[in-house]
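The data below hold one chain only, encoded as structure tokens and taken in the form predicted alone.
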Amino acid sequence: MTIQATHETLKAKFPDAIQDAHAPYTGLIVDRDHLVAVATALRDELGFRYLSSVTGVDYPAATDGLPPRFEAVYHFYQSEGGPLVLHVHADRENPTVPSLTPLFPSADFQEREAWDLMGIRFEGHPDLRRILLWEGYAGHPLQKGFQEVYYEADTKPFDSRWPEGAPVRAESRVPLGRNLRYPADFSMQGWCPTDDPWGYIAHDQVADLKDTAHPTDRVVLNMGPHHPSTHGVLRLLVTLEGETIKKLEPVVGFLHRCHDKIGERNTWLGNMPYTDRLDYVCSMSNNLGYAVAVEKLLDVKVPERAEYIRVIMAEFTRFINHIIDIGFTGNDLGIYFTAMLMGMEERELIVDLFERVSGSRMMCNYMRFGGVAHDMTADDVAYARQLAFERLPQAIDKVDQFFTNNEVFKQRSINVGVLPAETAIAYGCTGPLLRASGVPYDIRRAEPYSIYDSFDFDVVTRQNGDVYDRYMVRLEEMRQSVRILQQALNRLPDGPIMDGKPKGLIKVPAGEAYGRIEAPKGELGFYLVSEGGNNPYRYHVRSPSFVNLGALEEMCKGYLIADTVIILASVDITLGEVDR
């Protein structure tokens, strides 16, 4: 069934609750009192089992015949094809929307984020606390009227920097404290939390429940945010019975920079180098995801040579990500730096190529709307061919020999951290985490972008959904990346690398778009709203690390505390895109 046919089916089933979204927006507007019923029909009757993205939007003024409002925007998917988009309006004075978390657990973290940063309250959510900011934070920073501590103007370029070019330090222009916000009746001396700012209550309740057959004391334990195996500033709040995990909660936000707010200040092109800082292992893929989203609004045609170069850079990035994650897994397992150094050696050779074509090794800022910033020279192509045809296949074999039949690795990883397929889908998991559970879902096949539909490669799956199978999926995906690279380099055409002349300041037509790619860790999506100007009106990142992390408790419950670090490594997160 096409998306348009699904629209008609829903409108016939809920005639008083659904209407078409006003142009230039897409999808359907659903009455909030009927949202749960509509979402249930989508999941159970129409096959939209995957809720990918939940985004809050603030419209403080009337737009397109609609009154001032908050919106919750949902993107649902079937196994193939584009999204079904639902818009649900919330009153500005009391912005409430029914929670979809009981139906789609993937909404859990995303609804908490929309509450935290936008102020939309999701009624019926099992645990609606802030997730990226602390519980005592005053206000919701993504609301349009919110001004941050060093606020200068709503959008860039700022007058102090252009055209005169005489910037001053923000600290001297706006001293810290002048517009710093505190909760009502707050004082540093007398403040006492009235709720549960550290998240202990639910864990204390579990800790008080003892197993009468095994009357062992239960203990609430903090792992991180300083723990070396939490892959950055991640805090894991764990309730243990002996060494067995009874409850686990990822606590995030320690690296939060309000990336979305910065994205709405920046110009469209000015956001490109900021995407580098999301998954800082995968700069090129971050660039590509954002470029794909903006190009949906611009409706530009990317030249064929540029498309090939984009695929080449994206697949080299996938190789880097997977071999580094395998190295980290070995490190967390106790193999220490043997596997890590094997991966780092290959990474250094690939980022040599990135530096040659972009000028930077890690923060590449390479993609442009309608193409890429710089062409590949003949020497660059020759170097890339040497990697793809000679060096990297040998590196995969080396990793394979080191890990695959290693008795210790198999003992620690087989039947550990099992994630069943239905659970993975319900939690919105994507990437190798999902495919290792037996679900052959890859956006390069399900909703092809760029020129991926012209390449011959396999969607890799395994069936057990454990740590070992996630390793095997990544190992085989490196082989498939090499396979794609060899095809792309053999067929790389001549021609331009940009659609038209490069422009520093771009006006994007009014409308909304959700662009997504199969990033190395899973679905990386950008939800964008344009008013037709130089800056995004709404800029939101749906990061695979953030959503995949929501399923961590399901993978850890019942296993040992010693298994936690290797299960986390097998999920493969980067805190830069978890916290944004």
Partner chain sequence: MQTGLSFLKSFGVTMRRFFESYVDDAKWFFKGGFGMRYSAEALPTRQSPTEGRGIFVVQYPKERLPLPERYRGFPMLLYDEDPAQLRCVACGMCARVCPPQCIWIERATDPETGKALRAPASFHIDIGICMSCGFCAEFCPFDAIKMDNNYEIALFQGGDAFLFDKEKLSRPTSHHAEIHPTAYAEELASKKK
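Residue numbers count along the first chain shown, from 1. Not measured: the values here are computed from a predicted model.
Omitted from view is the form predicted in complex with its partner chain, to which the following refers.
- For its partner chain in the model of the complex, the listed stretch (384-392, 75-83, 143-151, 89-97) containing residues with heavy atoms inside 4.5 Å is 384-392.
- Of the residues Tyr274, Phe328, Tyr449, Phe455, just one reaches its partner chain in the model of the complex with a heavy atom at 4.5 Å or closer; this is Tyr274.
- Taking Gly334, Pro167, Pro102, Pro225 one by one, only a single residue has any non-hydrogen atom within 4.5 Å of its partner chain in the model of the complex, and it is Pro167.
- Remark: Tyr137 does not count among the residues lining its partner chain in the model of the complex, judged by a heavy atom distance of 4.5 Å or less.
- Within 4.5 Å of any heavy atom of its partner chain in the model of the complex lies no heavy atom of Asp127.
- Within 4.5 Å of any heavy atom of its partner chain in the model of the complex lies no heavy atom of Gln487.
- Although the partner is absent from this view, Lys398 contacts its partner chain in the model of the complex, with a non-hydrogen atom inside 4.5 angstroms.
- With contact defined as any non-hydrogen atom lying within 4.5 angstroms of its partner chain in the model of the complex, the contacting residues in 388-414 are Glu390, Arg391, Lys398, Gln401, Phe402, Asn405, Asn406, Glu407, Val408, Gln411, given in sequence order.
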